[in-house]
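Just one chain is shown here, as structure tokens, and it is the form predicted on its own.
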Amino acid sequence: MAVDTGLFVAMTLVYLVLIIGLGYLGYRRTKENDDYMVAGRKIHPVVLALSYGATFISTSAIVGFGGVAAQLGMGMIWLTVLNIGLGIFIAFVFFGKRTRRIGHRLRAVTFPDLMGKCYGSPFMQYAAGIVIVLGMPLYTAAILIGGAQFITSTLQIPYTTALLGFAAIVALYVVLGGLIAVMYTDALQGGIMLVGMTILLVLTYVQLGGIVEAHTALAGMSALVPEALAAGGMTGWASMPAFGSSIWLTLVTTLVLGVGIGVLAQPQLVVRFMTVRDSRALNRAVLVGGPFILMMTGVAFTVGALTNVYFYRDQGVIALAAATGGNVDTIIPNFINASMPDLFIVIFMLALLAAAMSTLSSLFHTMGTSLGFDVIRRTGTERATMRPIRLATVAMIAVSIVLAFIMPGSIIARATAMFMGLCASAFLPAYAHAMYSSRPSLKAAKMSLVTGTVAWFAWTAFVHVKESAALGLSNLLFGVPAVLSAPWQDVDPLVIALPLSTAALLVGWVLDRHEVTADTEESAGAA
């Protein structure tokens, strides 16, 4: 279904005027480093909640994970449960308050800066910054791909034009306006996303005859599960895969746990806790953030699974068969274009662009500050340090665009889970230790960060077959796509690397305490 070009142009112009206006407002209010890096530490709690949620939810959740839900079914709803329980409640209440308080006291302005100052260690700051610089472009490229794919399928314009134009618009206000511009535009984009996803849920149920009828029809389609998926353990789109099967391991360890746990240590989200005045603002933000995440992920995963009912009734095929070239990332765009009225196609396109732009802007900002401030920072005046950070942001945007052109199809959900798993493995134990210990151990933090990072990369490159086969290192060195057989090759790197990272932290802490005790006894003996 072709979108009404005049309607689209009119609504998009209004949207862009608002975005540019908010970006300019952020630029005008950005006077010092704190303004550019942490929005002056005076953001309103509603703006925080919408910005956090809009950054958290991107095209990866709507297009990528929605497409995976179309392929694997309603089991993806467990990710919504973890997103709300861990990503909102635990993150804000148990991590957010301490991050805000400690970050304000130490005057930290980035996540690596927070880690470095908590442990009094340049190594922790540089190492965390390098992990972000190396890992985040993968996630950023996935977001670019999702937005560009929908623009291409809706407007029938070249993919290259869609991707470059999309990246350029976001880059403009991020580079100039910093985090104030990012969070102001995030709040607007979050509101657009909420409207779009609410309408999508209602129209989907109307298309399928109602809530009960839609889910009854989905449950009755179990016999249509493709043989390859059934052999992997899939039992239907309204039920979980067989326990312990390869599909169950992928769904649970990679998608649900990888993203559900990984969100706690996302640098672009952690820094938002340092943008408000006090802890009461975080409490108020939870009341907005929880329902927002429920509507974003819950709707995407539900509608994704229900596309099977629509395509089977309309075209006689399941959603995966209706995907362009078998690419699951095209299922949601194809469903919208085939089933929805012209006006909603435009509204949803704006919602999708808002989701992608809100996450992209935060990732651009985080990559730029990590490279320019944490990795290659120069000493000088406050004004002098702004230039290298902006240049670093432009450089990281260019890297992400190049990756977006060379990454394969059906990559959005997997790239998201990979980056979030990496962050959890590398950062989460040391981050929790820094927030909850009165005397955090540098030795323990170093051991944890290095162990988690190395273990994650090793399992990704040599064991987890979805990545190891594509990378080719295992095949080059050992002659096999993965060095371990099933079920290990289906277990996500997070499930291995995070426990090892945690164990390394505990070992380092014990060794550190032992050394302190020994030094104390030696001093006492000498006295």
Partner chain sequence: MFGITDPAIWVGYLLALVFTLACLVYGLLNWNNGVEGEQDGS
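All figures in this text were calculated on a predicted structure; none of them were measured in a lab. Residue numbers count along the first chain shown, from 1.
Keep in mind that the form predicted together with its partner chain is missing from the display, and what follows is about it.
Proximity to its partner chain in the predicted complex holds for all of 216, 280 and 286, with the criterion being a heavy atom within 4.5 Å. Exactly one of the stretches 205 to 213, 330 to 338, 184 to 192, 134 to 142 approaches its partner chain in the predicted complex with heavy atoms within 4.5 Å, and it is 205 to 213. Proximity to its partner chain in the predicted complex, defined as a heavy atom within 4.5 Å, holds among 159, 312, 457, 89 only for 89. A single residue from the set 101, 377, 107, 443 has any heavy atom within 4.5 angstroms of its partner chain in the predicted complex; that residue is 101.
Mapping the unseen interface onto this chain, residue 78 counts among the residues with a heavy atom inside 4.5 Å of its partner chain in the predicted complex. Among residues of the shown chain, residue 393 is not one whose heavy atoms approach its partner chain to within 4.5 Å in the predicted complex. Among heavy atoms of residue 226, none comes within 4.5 Å of its partner chain in the predicted complex. Contact annotation for residue 302: at least one heavy atom lies within 4.5 Å of its partner chain in the predicted complex. For the stretch 232 to 271, the set of residues having any non-hydrogen atom within 4.5 angstroms of its partner chain in the predicted complex comprises 238, 239, 240, in sequence order.
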